[in-house]
Ligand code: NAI
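In the form predicted alone, a lone chain appears below as structure tokens.
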Amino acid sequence: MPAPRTVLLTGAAGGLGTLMRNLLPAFGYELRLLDMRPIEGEPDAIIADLADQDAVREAVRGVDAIIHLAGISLEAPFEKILRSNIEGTYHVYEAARQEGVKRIVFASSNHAVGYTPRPQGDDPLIPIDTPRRPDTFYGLSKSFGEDLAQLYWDKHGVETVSVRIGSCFPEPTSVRMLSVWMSPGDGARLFHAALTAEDVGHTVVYGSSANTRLWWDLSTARALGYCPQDDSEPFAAKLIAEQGELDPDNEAHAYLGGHFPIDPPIWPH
């Protein structure tokens, strides 16, 4: 599939949005930036709240594809998650339907399956079809987004690649992150693959680099044409010396979601 020319990047002022707005133009994209707050050095960015359906539709009008990163990226009270992550994502999809945009890349999260026990020892990698087990209202909103993407594909023909992102930073900052880290360069490569792969329907992929300590199966991402080039292992010795290895007896180390499933504890396990 030819690369879309103009891509709406929501959440462009956030951490991941900032990384992607600097990296994706090298793949030939003209980015239309959207966020709730002004973006330094980007006077043409659209300042709008996803709650404003008219503003969202206007932002979507005329683009070839959407990378939807906007929303609350940590746990928050349900009312805030509902407004930003659930209703806001619906407004993006409805605007895409109304304006005839046929490809969306949705920033899902590993927290959609956060209560899944992490692999240990010789355990197999976590497959993409593992049952969803959200660990927070935030993770629940990402599960909703995946289901919304499926509905809009089945009912309206809007294709989506839902990327269950681990942690995308210039370098990993914790021992857990050694398994779920996605370098910014690999993030841009994955988003490019998600925008250009043919016949994706609704495809769910895990988003990480080719880490030595990888927890999940990247086969569906590779099937899109994603070729990760980075590995967190060069950062391992320093992080382990500072923080120690993951402890299988530590409940915060037992799940894919890290400390999120047990902070605060909501049910005995």
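The first residue of the sequence shown is number 1, and the count goes up from there. Values in this document were obtained by computation on a predicted structure and should not be read as measured data.
Not pictured, yet referred to below: the form predicted in complex with this ligand.
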query: Given that the partner is absent here, does Leu16 sit within 4.5 Å of this ligand in the predicted bound form, heavy atoms only?
result: yes
message: Residue-level question: is Ser109 within 4.5 Å of this ligand in the predicted bound form, judged on heavy atoms?
response: yes
message: Ile66 versus this ligand, in the predicted bound form: is there a non-hydrogen atom within 4.5 Å?
response: no
Non-hydrogen atom contact Gly71 with this ligand in the predicted bound form at 4.5 angstroms: yes
message: If the criterion is a non-hydrogen atom within 4.5 angstroms, does every one of Asp35, Ser84 and Cys168 touch this ligand in the predicted bound form?
response: yes
query: Quick one: which of 232-240, 49-57, 22-30, 196-204 gets within 4.5 Å of this ligand in the predicted bound form, going by heavy atoms?
result: 49-57
